[in-house]
Every structure is written in structure tokens, then in C-alpha cells.
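Read the single chain below, which is given as C-alpha cells and is the form predicted on its own.
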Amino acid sequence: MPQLTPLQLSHDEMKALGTQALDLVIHHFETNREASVAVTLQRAQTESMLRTPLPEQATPVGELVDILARDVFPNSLKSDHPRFYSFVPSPTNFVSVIGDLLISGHNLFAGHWMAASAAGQIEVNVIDWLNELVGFEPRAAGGILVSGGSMANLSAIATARESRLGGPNEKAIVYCSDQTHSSMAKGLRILGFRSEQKRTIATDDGFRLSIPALEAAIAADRAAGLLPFCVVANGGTTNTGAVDPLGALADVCAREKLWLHVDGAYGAAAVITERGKKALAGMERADSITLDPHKWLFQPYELGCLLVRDSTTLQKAFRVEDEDHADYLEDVTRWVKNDVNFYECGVQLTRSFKALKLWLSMRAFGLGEFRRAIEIGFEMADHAERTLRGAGTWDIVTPSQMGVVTFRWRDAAKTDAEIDAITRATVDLMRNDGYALVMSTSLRGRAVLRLCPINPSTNGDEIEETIRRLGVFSADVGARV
């Protein structure tokens, strides 16, 4: 038998490995509910389990998959678990998982049209779908698929700066609320903005950006000779699910000639439901929107998206001018005149065929099935709020909105600081328990518990059991504080 070329398996070996890997994934989908939601190991444990010298010789690949099945995949936070209620869960679907397999297996370069024109057409189609969903006119609008909300937000500010200011300006000012995602501060720093170029605007009692406070800040900055150019609004905050007053913000931005960016990484996809559309009214007036399909469109990591009302703004921000253009891309630009080169719409040149998994699942299930899945998330958060109120031992800090509810242990004999300590200890006990994962956040300086039950496999009985356990743990800690 002739020797295989390097880094190749035989047909039978590929079939066996594929079957082993696929069986492992199917097993995960079928048994995920029975697994512990959260396992975090100490560094010493992972070193002893997984540290190996640089290998010169081969290890049977089936043995390596067994190591992953035994030592890696079980020892993690499972963001796709039905009882993972922390951060923003990322429940997936099997069709998109197969999409990721096809993406990796064919290894298409999707940076420009010449390399993958048919794949490019699918990406254009997917971007058009998302623009249609959020209320942008697909023929005029554009977008780019990226790794997630962090890169989408960074790209949005770069686009806004180029569109409104023509490039970096030391007098430029960006306005965010005190609930804006931390990725925005990181993106601004990467883009060269100093801390004094970001204004953090107070929020109202509902944790929504205050219009009067924003208007006062803009007026003060203009009077000081500065250049306000962008407002970042929230389309469903991570902390509470709050949606800023998007219509009123659009009015302010239109009057002041500011770019309006909506960070809807979590919540924007909910616009496909009646409840979400009502909450997000005015989002369609934004200049740009961040939307993460790997959140509330149930896609595997990594899949984020930046959408822009005017597609030309992306090219203006990211296209390299002729004098700096890469010589090795000359044939690409010579062949492709009127088609889409995605590397000219974002940071990356080399990029994968990210659109495939979303295209595949949306066509396989239809929008109605995604709508039903999102509606379950709303219903489960509502059910959690009702259960908390009925228990009589919890204070609702923020009611159910955009699939998030926050709450705090009630004990009139305890100080706020003691309740903070009870909250954090309850989180630790819940994580060690393994039944569900509930984490805390901070609102107005106080620790609160937070539930985000948006996995469509979540059910009311599990919500009730989770809250019961939280109550047991809080009462136990409270008796010792």
C-alpha cells in the first residue's frame, strides 16, 4: 500500500474518526440536561491531567478524542445547558453544529468574492435577512459577520468615526450609559480614544439611558469646543435586559447630527417576536446595530454581526486606499468590480465562511421556529419572576424584561452589606451544587442575583427548583452571617 501524504488519514480512518466525533456530539445533545452545569478545575488539576511534552511521535487520534470526552468537555461551564442561567446563555442547534463541521471541513477562504463567490452570495443573503429583521432596507444597508459583539462594537465605532469625523480626532466624544457592555470601553481604547473622550451617562430607575442627562452632556461638550459624534444605546443590556429609549435617542441624534449605534448583541434578535419588536421600537432608526447570532439566534460560537443602515460607510471605514493597497490582491480587485469583498468591510482579510451555519439553520427550521424559541425565553423569565414573588423571600430588583430578571434576598434584620455577602455566598454554593448556574451582578452598588433563562429547552419545573435551591442556600448563609 502506498504511503499516505503527510497529515492525512485513510478513508476508513476518516470514517471511524468522524463517527466517533459525531457520536460524541450527539451524546452531548441527548444527555446535556443530566450533566452538571458548571465544573471549574484548579490549575494544578488541569496541569496533571493534560500537560504533555511537545510530541514528536503520533498518538492514535481515537485516544485523543477519548481524552477530550473524559477530561475536557465535562470540565467546563456549559452555556448551552438548559439550566445555565448566567451571563447570556448560548444554546445551539444540531443543524448549525453540522454547519460548523462543513465550514471547517471545506476550509473556504471567505475574505473576498474571487475566492468564494457562491459562499459570498450566501453571506450577502444572510446579511440582507438580518437587516430586514431589524428594519433596515436591505438594498441600501450592509453588514459584516465577525467573531462576536466585542468586534462588532469596535467596528461600529470605527465606522462612526470615519463617517462623522473623517478619522481620528482628539476632540471626539462618545456617549454611553452606565450599563453599556465593557467591550465598548475596550474597543474605544484599542481605537485610540482616551478615557476622557468617553462620557458615561446616568440611567433612570429602569436602568435606561437618561435623555435629559445625555442632552446636558452634549450641550456642555459643544460649549467646551469638543466634537460629540456618537451615542451608544443598549438594545437589551446584559445586566438587566433593559432597552434604552431608542426612538427618543434617534430624535436626539438626528437633531445633533450624531451617529446612533445600538448594541443589541443580546437583545436585537428578539425583534422577530411581537414583544421584542415593541421593546425595541426605534431601533430601525439607528445608523448601526450589533447583533450576535450566537446568543438569541441559537448559533455555536463564534458568530457576531455588525449591521449598518448605509453599506457604503463600511467600505469608507475599512477599505485601504490605492497607495496602501496590497500588491498581492491586485488580481482580486481587477477581477471583482461590483461584487462584495468582505475584507473591505471589516478588520479581517482571512475569514471563514461564517454565514453557512446561520443560513443552514434558518432555512432548515424557518423563522417561525426561531420566533417560538425566543418566545420561550420571555416566558421562562416571566415564570421566574412569578415564582420569586410567590416565594415571599425575594425582592425583585428589575422585573422580567428581554429574558432577564434580577432579584435579592429579603431579610429585614440584615444590612445591605450583609445581603451582598449572602448573595455572593449563594452563588458559590449554587455553583458547587451543580444543578444550575446562577451568577450575581452589581446594580447601583448592590449585589443581586440574575436569571437569564433563554434556552428553549428550559422548563418551568427546573426554574422553580432552581429558585427553591437558591432560597435554601441563602437562608443557610443568612443564618450564619
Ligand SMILES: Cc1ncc(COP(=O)(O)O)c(C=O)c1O
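Sequential numbering from 1, following the sequence displayed. Please read all numbers here as calculations on a predicted model, not as lab measurements.
If you look for the form predicted together with this ligand, you will not find it shown, but the lines that follow are about it.
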(request) Decide whether His181 counts as a contact residue for this ligand in the predicted bound form under a heavy atom distance cut-off of 4.5 Å. (result) yes
(message) Under a 4.5 Å heavy atom criterion, is Asn153 part of the interface with this ligand in the predicted bound form?
(response) yes
(request) Would you check, heavy atoms only and a 4.5 Å threshold, whether Pro228 touches this ligand in the predicted bound form? (result) no
(request) Mark Ile289 yes when one of its heavy atoms lies within 4.5 Å of a heavy atom of this ligand in the predicted bound form, and no otherwise. (result) no
(request) Quick one: find which of 145-153, 395-403, 211-219, 76-84 has residues within 4.5 Å of this ligand in the predicted bound form by heavy atom distance. (result) 145-153
(request) May I ask you to choose, among Phe353, Tyr343, Tyr266, Trp409, the residue with a heavy atom within 4.5 Å of this ligand in the predicted bound form? (result) Tyr266
(message) If the cut-off is 4.5 angstroms on heavy atoms, which of these, Met362, Val88, Ile103, Val126, is the one near this ligand in the predicted bound form?
(response) Val88
(request) Just give me the residues of 232-255, first to last, that have a heavy atom within 4.5 Å of this ligand in the predicted bound form. (result) Gly236, Thr238
